[in-house]
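Given as structure tokens, the chain that follows is alone and in the form predicted alone.
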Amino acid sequence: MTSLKHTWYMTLRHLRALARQPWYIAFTLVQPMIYLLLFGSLFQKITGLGHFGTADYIAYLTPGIVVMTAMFSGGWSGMGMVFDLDRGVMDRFLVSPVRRGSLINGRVAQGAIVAAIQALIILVVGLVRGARFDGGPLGVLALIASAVLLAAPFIALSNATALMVRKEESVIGAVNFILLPLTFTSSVFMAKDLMPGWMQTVARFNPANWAVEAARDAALQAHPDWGSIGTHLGLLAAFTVVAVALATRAFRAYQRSV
């Protein structure tokens, strides 16, 4: 119970810091909006090739942009950890009675909340742009859950990386090195059946693709395959558990080094 309370306190701390810079969420949405509006217009006729499950490319693209935004937002979370390390904030936490696990879990919880807010904003823009979600409210909730469950493990891994390298440049390099290939070997922009064979194989083991397929199936289909959606969400939840465990180990290693 104490761990949950401390996690909640740390989550509130990070949310208060975010409240002091509300433009952060707006700035993180600039690139996704460009993808949604420009790519949506550029490739609007590509659904004529088939395999997209919908004739409306905006409807197809919107869940992908939601998932991609959540993943990148999670990936950049480690920058806040580097900032706290440089200012000595983390060292002050180490001499406080706060539970050590909550220092990681609080960041994961705060990032998950941000991912949910970003998802809602992108969905509204998608609706304004003409997207329709036949899955209804339950499908939209599953879409948001997919985004949150993808953001969470990358938040943990980003913070683990920050604890190990402790440099902004290294975190930036690691984020781009990992997240860009994950994006383009998933069905964020393109139907999986139209991708090269080797990319389809990679997509089967790509957590970004798990989230995209679950989100898209839930939001776009009037009668979603909840078994497949549940499997993908379960895989993402398992990935989150592993990532948080790795981040906790990285934190313990940092604690031993100071």
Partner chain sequence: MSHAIEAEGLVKTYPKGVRALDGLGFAVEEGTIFGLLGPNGAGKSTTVKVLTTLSRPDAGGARVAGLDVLRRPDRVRRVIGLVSQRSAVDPEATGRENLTLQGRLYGMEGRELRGRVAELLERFGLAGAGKRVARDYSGGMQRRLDIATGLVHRPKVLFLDEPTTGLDPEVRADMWRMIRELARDEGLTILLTTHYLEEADRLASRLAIVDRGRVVAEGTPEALKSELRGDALQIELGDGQTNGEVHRALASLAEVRDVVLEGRRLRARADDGPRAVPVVLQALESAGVRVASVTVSRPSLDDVYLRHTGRRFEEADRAEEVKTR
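Positions refer to the first chain, counted from 1. Nothing here was measured: the structure is a model prediction, and the numbers come from that model.
Just so you know, the form predicted in complex with the partner chain exists too; it's not on screen, but the next bit is about it.
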Partner-contacting position among Leu180, Val124, Leu138, Val95 - heavy atom within 4.5 Å of the partner chain in the model of the complex: Val95
The single option of Ala174, Leu85, Met79, Ile117 touching the partner chain in the model of the complex, heavy atom within 4.5 Å: Leu85
Interface membership of Ser3, the partner chain in the model of the complex, 4.5 Å heavy atom rule: no
Contact label in the model of the complex: Ala237 to the partner chain, heavy atom within 4.5 Å: no
Interface membership of Arg16, the partner chain in the model of the complex, 4.5 Å heavy atom rule: yes
4.5 angstroms heavy atom contact with the partner chain in the model of the complex for Arg100: yes
Which of 108-116, 184-192, 85-93, 142-150 lines the interface with the partner chain in the model of the complex (heavy atom within 4.5 Å): 85-93
Partner contacts for 143-176, taking the partner chain in the model of the complex and a 4.5 Å heavy atom cut-off: none
